[in-house]
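Before any questions on how it binds or moves, here is one chain, the form predicted on its own, in structure tokens.
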């Protein structure tokens, strides 16, 4: 059984342009690894290499420490959702899925897969009438059909309504709990930081920062609360909270932040905005700011 996949020293050029520079990525069974970064950071290129669709200039890949000859061999262990999936528009969602299952020889139940991704009620609707988010969910159902131990998902939350996005995040968490190793990319931190175990922050084709999301959750960072009216927060009830600039703020872990917010709401003090800094958030905003200034 494969418990870990490691891709290392990935380099890629398109013409004279350096796309990826010595990128390392690993996926472990029962965990979610998030590749995050602004648009153009190299996330999709990395995923195409892991799917065997693009050949890197150099790089190695291994399973449980045993080197593979080609990145395409990862298809024996991974299922993929790469950007916007494509379907037969004139067929319904369930007919598209059943066709795939028949072609791949899978014994998976199409109705169960559609139920899993929240498309059971739209199963008989033609895909040409699906929204972008519905197509994303149908693509995830396809990826789950062959029940490989690893999932590689490139921007799976594109086009999803907030409610559906929450359902998809819960589904990924449940799959992780069942033992699947998941690699997922996004350019929106809030999409994944609640359920990911590890992260890789890319910037201009390089690994800018890696770390444990659990450490980020437990680490005490600055949390800020904004109120529409000037809220009166008694110091004896909210020790450590200070009013600076136009918001209340203090150093707190994620758990402490949640408890503080619950206490505020219980007293009828509901902030319209809550923001918590973290090393990942700060570094992400740093590179996003640099990218914006370079335009």
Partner chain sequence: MIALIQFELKKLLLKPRTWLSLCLLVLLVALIFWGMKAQGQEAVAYLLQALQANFVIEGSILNAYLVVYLILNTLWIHVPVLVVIVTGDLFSSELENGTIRLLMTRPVKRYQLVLAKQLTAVAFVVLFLMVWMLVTIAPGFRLFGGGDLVVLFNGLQIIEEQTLPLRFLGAFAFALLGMSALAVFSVTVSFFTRRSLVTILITLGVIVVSTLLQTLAPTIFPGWDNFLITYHLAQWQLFFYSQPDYGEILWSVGCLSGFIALAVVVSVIRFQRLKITE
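Rigid core (definition): largest C-alpha set, two forms, superposition within 1.5 Å. Residue numbers count along the first chain shown, from 1. Keep in mind that this is a model prediction, so the values were computed, not measured.
Absent from the display: the form predicted in complex with the partner chain. The rest refers to it.
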property	result
Interface segment, criterion being heavy atoms within 4.5 Å of the partner chain in the predicted complex, picked from 197-205, 173-181, 70-78, 158-166	70-78
Of 83, 109, 120, 218, the one that lies within 4.5 Å of the partner chain in the predicted complex (heavy atoms)	83
Residues 43, 189 and 226 all lining the partner chain in the predicted complex, heavy atom within 4.5 Å	no
Residue 104 within 4.5 Å of the partner chain in the predicted complex, heavy atoms	yes
Proximity of residue 254 to the partner chain in the predicted complex, heavy atoms at 4.5 Å	no
The partner chain contact in the predicted complex: residue 52, any heavy atom under 4.5 Å	yes
Interface membership of residue 222, the partner chain in the predicted complex, 4.5 Å heavy atom rule	no
Sequence-ordered list of residues in 9-43 near the partner chain in the predicted complex, where near means a heavy atom within 4.5 Å	12, 13, 14
Flag for residue 158, CA shift 2 Å or larger between this form and the one not shown after aligning core	no
